[in-house]
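Quick setup: one chain, the form predicted alone, written in structure tokens, and binding and motion questions come after.
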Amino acid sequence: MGSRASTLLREEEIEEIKKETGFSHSQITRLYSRFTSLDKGENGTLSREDFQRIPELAINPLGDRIINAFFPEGEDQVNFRGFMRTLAHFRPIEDNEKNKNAAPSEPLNSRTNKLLFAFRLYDLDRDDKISRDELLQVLRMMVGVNISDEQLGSIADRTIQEADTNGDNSISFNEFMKVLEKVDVEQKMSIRFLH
């Protein structure tokens, strides 16, 4: 079996990914060709280095955090299935999906799952809380060096003060959801995929 053969996606696999992620057949095959073009080692998985070649991620201040989100804990490779599961968080919610309550489990691109994904970009030590320190790190990445530590500190403190309802000086996922209640997550956390 040459490396050529491994670049073909089996029909059953496409069907499974469709069910799991909600992407259409043509989106899956297009994203697969994007995946294989990033897969420099031609081994069916992507490494962090492969991701760093994506220009949009290279210039995104949170690029490294986003790349991290593609990798299961302790892993340094991600296969196509895992790649698609992560991308599914950014799939826009179609109008015809908004009122489907029949789904046995919440789709990966539901509001809650989108927010959970965002929450994890902050919660670096994965203790299910965003600490002042974690918040500071993200703020620093996003604003760069033009703001003094003091100013950043007071932004972090104010943010935690507003969000923290149980007084533990950090932000839980529920508190995070509450703060973002009125934010159009759909707009900010969707990537328009090829149709």
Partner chain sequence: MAPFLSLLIYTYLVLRCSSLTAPVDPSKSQPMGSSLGQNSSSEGVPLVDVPMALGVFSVDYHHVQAPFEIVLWIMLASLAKLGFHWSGRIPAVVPESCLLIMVGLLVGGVIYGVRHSAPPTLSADAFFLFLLPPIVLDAGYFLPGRLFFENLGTILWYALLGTLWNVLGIGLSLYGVCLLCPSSLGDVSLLHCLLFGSLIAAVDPVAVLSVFQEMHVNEQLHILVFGESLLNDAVTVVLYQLFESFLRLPSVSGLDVLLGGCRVLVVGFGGLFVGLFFGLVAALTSRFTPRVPVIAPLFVFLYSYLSYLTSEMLHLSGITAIVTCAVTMKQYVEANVSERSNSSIQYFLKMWSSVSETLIFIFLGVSTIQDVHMWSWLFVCATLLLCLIWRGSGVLLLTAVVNKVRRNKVTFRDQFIIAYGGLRGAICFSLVFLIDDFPKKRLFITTTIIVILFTVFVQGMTIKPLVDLLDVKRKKRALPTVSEEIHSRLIDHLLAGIEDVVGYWGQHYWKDKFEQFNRKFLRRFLIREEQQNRSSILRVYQELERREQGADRETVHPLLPEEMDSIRRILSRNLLQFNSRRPTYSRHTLHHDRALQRHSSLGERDTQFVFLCAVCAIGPRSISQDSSIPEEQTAPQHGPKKHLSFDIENEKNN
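It should be emphasised that the depicted structure is a prediction, and the values quoted were computed from it without experimental measurement. Positions refer to the first chain, counted from 1.
We do not show the form predicted together with the partner chain, though everything after this point is about it.
Residue contact check for residue 14: none of its heavy atoms lie within 4.5 Å of the partner chain in the model of the complex.
Residue contact with the partner chain in the model of the complex: residue 10 places no heavy atom within 4.5 Å of it. Interface residue remark: residue 61 is counted as part of the site for the partner chain in the model of the complex, having a heavy atom within 4.5 Å. Although the partner is absent from this view, residue 149 stays clear of the partner chain in the model of the complex, with no non-hydrogen atom inside 4.5 angstroms. Contacts of stretch 124-150 with the partner chain in the model of the complex, defined by any heavy atom lying within 4.5 Å, are made by 138, 139, 142, 143, 146, 147, listed in sequence order.
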